[in-house]
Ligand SMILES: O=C(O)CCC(=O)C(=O)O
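Take a look at this single chain, the form predicted on its own, given in structure tokens.
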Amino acid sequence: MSSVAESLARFREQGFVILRDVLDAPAVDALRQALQPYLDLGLRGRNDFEGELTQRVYSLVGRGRVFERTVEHPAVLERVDALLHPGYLLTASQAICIYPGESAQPVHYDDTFYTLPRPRPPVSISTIWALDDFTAENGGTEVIPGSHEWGDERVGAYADGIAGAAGPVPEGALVPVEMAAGSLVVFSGTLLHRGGANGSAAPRRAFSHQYCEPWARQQENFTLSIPRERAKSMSPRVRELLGYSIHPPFMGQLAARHPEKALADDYVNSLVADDAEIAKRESSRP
């Protein structure tokens, strides 16, 4: 694995960097086994962007310890620490399984819904972890190197998905991310990319964790999607990433209290408590 400084330099130059062989074979197998029961449910994407021959498993961080550990993996966080402000959040966490015959995803960039003029620094950082080898044939992610620095006009000419106006992608602009299972690619939320077409005979499994600035709204509302009892068992770092945290001075507060208080065994919602006290006082009046 390259040093943090080397990988960050490459990231800033081209908008992405591949971290190879971060997970060993047993770790990859454990993740595949944990994911498979959810894939067995057979749910498919609802449109071209999700992929009609693609399965997506959302709120993945809440579906097992093996996924929690990847969210706070040092190889990722020590790089995201340098790219986003302290207190950054997890904004999305999902598995992606692309089946044979799936077409290429529309070209897009991940933080397009933060409607700030480009060029600009990214509001989010994405990771995609390979559970199968990524190749040019089997639907490996395709990127346009350097596009993280493009302005709105140039992006609009290329992006044909949620990013903006339709436009053909010139031959050779998209470069496949080829890496072995257990590796991951880290890329800027402003980088143009897409899931490739799967022309192979086997599914291509992966999962993606995305992180955003502490002041940005998360794509997934993890404090609602992940059951409270499950969140209580997670590490303090993962809970912070989910949103059980404060961005100074008070962003994320829970009725003027730290949101971690909601996970305490004796927690009572302050609105419920206040209304109960008011009702008690009113009932005791002569």
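Everything numeric here is computed off the predicted structure, so don't read it as measured data. Start at 1 and count along the sequence shown; that's the residue number.
Keep in mind that the form predicted together with this ligand is missing from the display, and what follows is about it.
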Residue 56, heavy atom within 4.5 angstroms of this ligand in the predicted complex: yes
Contact test in the predicted complex: residue 186 vs this ligand, heavy atoms, 4.5 Å: no
Residue 105 within 4.5 Å of this ligand in the predicted complex, heavy atoms: yes
In the predicted complex, residue 91 touching this ligand (heavy atom, 4.5 Å): no
The unique member of 96, 155, 212, 130 whose heavy atoms fall within 4.5 Å of this ligand in the predicted complex: 96
One stretch from 83-91, 107-115, 145-153, 70-78 that, in the predicted complex, holds residues within 4.5 Å of this ligand by heavy atom: 107-115
Within 4.5 Å of this ligand in the predicted complex: residues from 124-155 (heavy atom criterion): 128, 139, 141
